[in-house]
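In the block that follows, a single chain appears as structure tokens, in the form predicted alone.
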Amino acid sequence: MRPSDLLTMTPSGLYCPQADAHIDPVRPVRRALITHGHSDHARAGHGAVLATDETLGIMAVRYGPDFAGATQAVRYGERVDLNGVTVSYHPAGHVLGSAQIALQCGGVRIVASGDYKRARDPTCAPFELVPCDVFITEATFGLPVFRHPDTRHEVDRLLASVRVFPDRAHIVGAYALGKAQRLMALIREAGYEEPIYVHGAMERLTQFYQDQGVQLGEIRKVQAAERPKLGGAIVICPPSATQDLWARKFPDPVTAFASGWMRVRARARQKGVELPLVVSDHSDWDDLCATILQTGAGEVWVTHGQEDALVHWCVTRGIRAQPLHMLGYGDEGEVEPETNVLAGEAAPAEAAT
């Protein structure tokens, strides 16, 4: 069996004909295999959804309990047979419940990694390396300029600013699913014991994480009347809220943004970010390259992000590679519509470790 017989591109996304199943389809299909709960990968309206229990829970929080005709939870490492295709889910380290999906049939194994990271995250299972013949990778930060620093260093910078400016509220933009909760957990690990305040848009997902046993300490939803009184507090909100009237009600706010894009100074300036925090839930250039080599894959398919650079890197190392030019991904999380990232000035080299 050729890899293209096992998995092929369709207008709805990657499709396995023998299993009659799509991976992270961009439109409603009969059977969907979902890697994780971000809205550009997990959509409502499918006939049946196979995903980890946590991902199914996240989809229910976001779309309501009837988001699909039927659902089936799968454990990490569990094997499911779909018309002779063995399907298994393996930790991707991206967000709670995120998974790589391995398809095996006719002596061929393809691993669709979804979005993934290799850096430590106390809120989800760590990435698991899965040997395969074909590795399907993202390339969100697929350029050599992106080398993410240790997240502990970035959290220390945030807490240092809180100490230096005890009368100013620190408003931190972070994506509502995964990034926000990871940041809360890292802040707690650094020894911060005060309540962490959150925008109302983050309340339900944060509560879901806590219900799953993720320790985040005391989390309080921001009440409108108390905003002027939150000098010295850490407030986490969706990135767009840092520029809204909502944020201006806080005392002399320090605007921060936790994202891998903060590695590029121009992005921080464009967004009016006073305290850029390079905290990413995607692999950086070095981890993307290392992961490809470690899978032992002889062929690599690149789904979205900086596809051409990663494809070129693979080819120069004798690995067959192709960009899939998939549309419909990158609408949530750290994949932004701008692609000419090299037009901006990179952050200082000492920020990368």
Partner chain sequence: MNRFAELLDRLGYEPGRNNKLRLMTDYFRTTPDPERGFALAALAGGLSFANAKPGLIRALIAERTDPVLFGLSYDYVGDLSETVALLWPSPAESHARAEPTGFDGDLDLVEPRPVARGHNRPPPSLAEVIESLQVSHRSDLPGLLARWLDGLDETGRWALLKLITGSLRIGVSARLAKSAVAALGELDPNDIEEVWHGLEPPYESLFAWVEGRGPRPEATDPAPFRPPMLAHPIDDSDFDSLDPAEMTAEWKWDGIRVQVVGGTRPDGRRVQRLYSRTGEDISNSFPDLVEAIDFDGAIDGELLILREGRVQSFNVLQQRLNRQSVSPRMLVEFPAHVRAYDLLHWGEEDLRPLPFCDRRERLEAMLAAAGNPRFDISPLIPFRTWEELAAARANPGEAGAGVDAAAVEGCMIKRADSPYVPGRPKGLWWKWKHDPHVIDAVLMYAQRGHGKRSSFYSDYTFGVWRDGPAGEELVPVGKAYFGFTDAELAELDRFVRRNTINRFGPVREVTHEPDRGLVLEIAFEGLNRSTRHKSGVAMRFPRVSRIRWDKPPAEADRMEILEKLLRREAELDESAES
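Because the structure is a prediction, the values reported are computed rather than measured. Numbering follows the first chain given and starts at 1.
The same protein has a further form, the form predicted in complex with its partner chain, not shown here; the description that follows concerns it.
S.K.: Within 4.5 angstroms, counting heavy atoms, which one of the listed stretches 191 to 199, 102 to 110, 204 to 212, 225 to 233 is next to its partner chain in the model of the complex?
M.R.: One stretch meets the cut-off, namely 102 to 110.
S.K.: N83 near its partner chain in the model of the complex, any heavy atom under 4.5 Å?
M.R.: No.
S.K.: Residue-level contact is defined here as any heavy atom of the residue lying within 4.5 Å of its partner chain in the model of the complex; does Q306 satisfy this criterion?
M.R.: Flag for Q306 set to yes.
S.K.: Heavy atom to heavy atom, is S88 within 4.5 Å of its partner chain in the model of the complex?
M.R.: Result yes; S88 sits at the interface with its partner chain in the model of the complex.
S.K.: Does any heavy atom of H312 come within 4.5 Å of a heavy atom of its partner chain in the model of the complex?
M.R.: Yes, H312 lies within 4.5 Å of its partner chain in the model of the complex.
S.K.: I need to confirm a contact call. Of I187, L96, C132, V74, which residue comes within 4.5 Å of its partner chain in the model of the complex, counting heavy atoms only?
M.R.: None of the other options qualify; the answer is C132.
S.K.: Taking a heavy atom within 4.5 Å as contact, would all three of W261, R267 and D287 count as contacting its partner chain in the model of the complex?
M.R.: Yes, each of W261, R267 and D287 comes within 4.5 Å of its partner chain in the model of the complex.
S.K.: Do any residues of 148 to 166 have a non-hydrogen atom within 4.5 angstroms of its partner chain in the model of the complex? If so, which ones, in sequence order?
M.R.: Stretch hits, in order: H148, H153, R157, S161, V164, F165, P166.
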